[in-house]
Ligand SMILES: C[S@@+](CC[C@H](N)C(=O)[O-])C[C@H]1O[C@@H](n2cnc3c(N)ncnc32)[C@H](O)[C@@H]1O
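As a starting point, one isolated chain is supplied in structure tokens, in the form predicted alone.
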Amino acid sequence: MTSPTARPLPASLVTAHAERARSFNSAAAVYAAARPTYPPVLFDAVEELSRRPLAGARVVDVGAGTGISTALLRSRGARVLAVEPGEGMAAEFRRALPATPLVRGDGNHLPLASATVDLVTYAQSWHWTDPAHAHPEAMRVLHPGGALALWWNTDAQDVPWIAEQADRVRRHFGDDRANKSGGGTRTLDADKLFAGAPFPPEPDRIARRVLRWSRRVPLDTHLANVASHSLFIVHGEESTRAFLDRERARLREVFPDGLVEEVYDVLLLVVTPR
């Protein structure tokens, strides 16, 4: 498979992307408190598709954020090293998981020796990397027989209230492309996820799953979750407050008991190099 041709992004988009990536540091505590976790079936699928148990595996969790995925990987018995570039997110990680090793860095330049880990994971973070660098780096640090796993919690757009909220987000920001997940992904298209990589994964070495799950949370937690996304953070408190005030009233009509049923599709992609 040849590498897809990558067109350089305009400088304005590169700057905006970097600003959104950094924005989480100012909202790390809210992120840790309100963001969803991941269902056990996800880690069952990672084990199945990577053909290796997590128990005892040497895992590097890249873009670990506040430690949501790291904690779950550890609970499955993995020996996890977290990599996180952001100062605010790293500080929150250390508060939550003080005994877990954490190094500052990013996926484009992993601070690890070659051929030292069994699994490289990106939970909600691959889209903040440059695949031209991040994919070769992941392949470099993997042991032979290792695997790269990428996953995202995405809103289930076939659920009516979620689709309606997505429409309100677009109207609020006056942008048909705006979505709550900001720079996140809605696709498992390898050509897009690995665009620009010098040696992208071969199609027969890529496995995909879409896993649905849900959680019931208080309305305030759901609204804090919304506010923790980069799209809202970078637009400032006034804009976010205006949206959340209107959204609170609308969702009280949908969920009169004050508990919001958030429904997610986890998009999972696992690469097992030859």
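Start at 1 with the first residue shown and count on from there. Not measured: the values here are computed from a predicted model.
The following text describes the form predicted together with this ligand, which does not appear among the structures shown.
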Tell me the stretch among 141-149, 194-202, 126-134, 166-174 that has any heavy atom within 4.5 angstroms of this ligand in the model of the complex. 126-134
Taking 4.5 angstroms as the cut-off for heavy atoms, does residue 62 touch this ligand in the model of the complex? yes
4.5 angstroms heavy atom contact with this ligand in the model of the complex for residue 119: no
Just checking whether residue 31 would be counted as a contact of this ligand in the model of the complex - the rule being heavy atoms within 4.5 angstroms. yes
Residue 35 within 4.5 Å of this ligand in the model of the complex, heavy atoms: yes
None of 179, 108, 154, 100 but one has a heavy atom within 4.5 Å of this ligand in the model of the complex; the exception is 108
Could you check which residue among 207, 68, 219, 27 gets a heavy atom within 4.5 Å of this ligand in the model of the complex? 68
Enumerate the residues of 80-100 that have a non-hydrogen atom within 4.5 Å of this ligand in the model of the complex, in sequence order, or give none. 84, 85, 86, 89
